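The data below hold one chain only, encoded as structure tokens and taken in the form predicted on its own.
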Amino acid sequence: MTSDLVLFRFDLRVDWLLASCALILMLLGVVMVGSASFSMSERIFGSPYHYLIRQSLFAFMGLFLILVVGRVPLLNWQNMRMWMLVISLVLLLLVFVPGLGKTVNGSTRWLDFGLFRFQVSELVKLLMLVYLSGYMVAHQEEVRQNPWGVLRPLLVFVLVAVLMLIEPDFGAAVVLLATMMGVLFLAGARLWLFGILSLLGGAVVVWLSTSAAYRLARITSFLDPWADPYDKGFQLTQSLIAIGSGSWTGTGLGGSVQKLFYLPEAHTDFLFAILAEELGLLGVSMVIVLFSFMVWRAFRLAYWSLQAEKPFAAYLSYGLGIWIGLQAFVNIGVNMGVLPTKGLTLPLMSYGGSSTLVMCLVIGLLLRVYHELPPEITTPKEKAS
């Protein structure tokens, strides 16, 4: 593995379909964060625009990151895959250092930089996908032929997952596990081995879900939130009321009632419920279509990358696409009461600098994948002519 780094290149070809989709989701997220947080922001900070201004700043910073990452050759990321693993472990350990780590609601997931708190698990998910993609390129035949080739990166994941669970951040660990398993399957891991590992992973997830009292409480309240609508089931019942109130076209932007101190975390984990209440089924459908398109586009980039014999770009695109789709699916499912509460944000939309900035890194990487593909592969009409 070479350690040489390639310098920046500025002649960037842009996947305008993917870029436009991401930009629409981000701008809609800024608007909805402002709408969902006006009352809370005014009560806490004396200004209704506190969260709106911060989310707008995060969005501008994210756009800058997209431009920067879009110009970094993928070979740099591939060559630094082991550093990605080291950085991941260091970040997960730093949150336990007194003075650096920040504990919120019993979870120590953040590094405190004064004006800004950074949730390390968001970045770790990305770094681990870069590590896995590089590993797949270096051990492609071993992964397809030898069970040890599959078990090796999963053992690394176990170490990372243990640190995540100590924080605790159960949702991030589950998303990372599912994403890594998806990449290994698409890379050609033996079906029987994948099946065994999936069953084993599912059993571990079930055991972890029921081994902690707070996780078990989330599951029981999810199964029947109306049994205790003023305590354990309060958040979910308020979310369902918000979604049901939206009907076809919603109550109008800013017209939500549930955001007025009824629905906790209205601008973060439950932003989708406020969007459903204010924009209705039409707005919900648009958001789902945009996320679905992003996942399809990421898989399309992976397919093109395999055609162009660029396996690192292919595995990375597969992983990023699975991650975006899975996290959006889980967040929407939680809001609609079909999944237990996981504390996962809606990508590019929910309030929070960590999630927004990392997702912009994801978009930047996907745009870089498109840029490095031969034009004749991404534009079949030109190839035919």
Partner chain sequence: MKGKGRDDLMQQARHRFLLLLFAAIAIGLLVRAVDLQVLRQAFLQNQGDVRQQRVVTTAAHRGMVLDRNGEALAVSTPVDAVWANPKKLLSDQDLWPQLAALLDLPLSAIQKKVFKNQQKGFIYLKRLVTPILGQQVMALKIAGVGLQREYYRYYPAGEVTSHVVGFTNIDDQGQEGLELAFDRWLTGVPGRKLIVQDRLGRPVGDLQQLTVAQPGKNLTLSIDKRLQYLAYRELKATVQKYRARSGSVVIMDVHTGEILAMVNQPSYNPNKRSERRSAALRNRAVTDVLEPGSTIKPLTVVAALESGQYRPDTLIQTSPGWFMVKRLTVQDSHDYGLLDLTGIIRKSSNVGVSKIALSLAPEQLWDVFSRLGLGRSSGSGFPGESAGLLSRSGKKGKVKRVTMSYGYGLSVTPLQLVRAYSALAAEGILPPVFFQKVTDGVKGERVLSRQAALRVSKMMMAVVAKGGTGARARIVGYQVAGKTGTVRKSASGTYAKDRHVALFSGFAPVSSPRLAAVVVVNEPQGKKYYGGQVAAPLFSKVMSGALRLLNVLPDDLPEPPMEYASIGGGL
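A quick note: this is a predicted structure, and the numbers were derived from the prediction, not measured. Numbering follows the first chain given and starts at 1.
Only in words, not in the display: the form predicted in complex with the partner chain, which the text now covers.
Handout entry: Site test, W83, V86 and V205 vs the partner chain in the model of the complex, non-hydrogen atom cutoff 4.5 Å
Key = Looking in the model of the complex, the three residues W83, V86 and V205 all stay beyond 4.5 Å of the partner chain (heavy atoms).
Problem - One residue of G195, P147, G252, G188 in contact with the partner chain, assessed in the model of the complex (non-hydrogen atom, 4.5 angstroms) - result: Checking each option against the partner chain in the model of the complex, the one that comes within 4.5 Å is G188.
Exercise for the section: Go through L271, A173, L129, I243 and name the one with a heavy atom inside 4.5 Å of the partner chain in the model of the complex. Expected result: For this set of options, the contacting one is I243.
Exercise for the section: Would you point out which of 301-309, 196-204, 110-118, 165-173 contains residues with a non-hydrogen atom within 4.5 Å of the partner chain in the model of the complex? Expected result: Contact-bearing stretch, as computed: 301-309.
Practice task
Tell me, yes or no, whether A313 is in contact with the partner chain in the model of the complex, where a contact means a heavy atom of each within 4.5 Å.
Solution key: Taking the distances in the model of the complex, the answer for A313 is no, it never comes within 4.5 Å of the partner chain.
Exercise for the section: Report whether the minimum heavy atom distance between F38 and the partner chain in the model of the complex is within 4.5 Å. Expected result: No, F38 sits far enough from the partner chain in the model of the complex that none of its heavy atoms falls within 4.5 Å.
Exercise for the section: Could you confirm whether V338 comes within 4.5 Å of the partner chain in the model of the complex, counting heavy atoms only? Expected result: Yes, V338 sits close enough to the partner chain in the model of the complex that at least one of its heavy atoms falls within 4.5 Å.
Practice task
Consider F157 of the chain shown here, and say whether it contacts the partner chain in the model of the complex, taking contact as heavy atoms within 4.5 Å.
Solution key: Judged by the heavy-atom cut-off of 4.5 Å, F157 is well away from the partner chain in the model of the complex.
Exercise for the section: Determine the residues of 240-270 with a heavy atom within 4.5 Å of the partner chain in the model of the complex and present them in sequence order; the list may be empty. Expected result: Going through 240-270 in order - heavy atoms within 4.5 Å of the partner chain in the model of the complex - the hits are L240, I241, I243, G244, S245, G246, S247, W248, V257, Q258, L260, F261, Y262.
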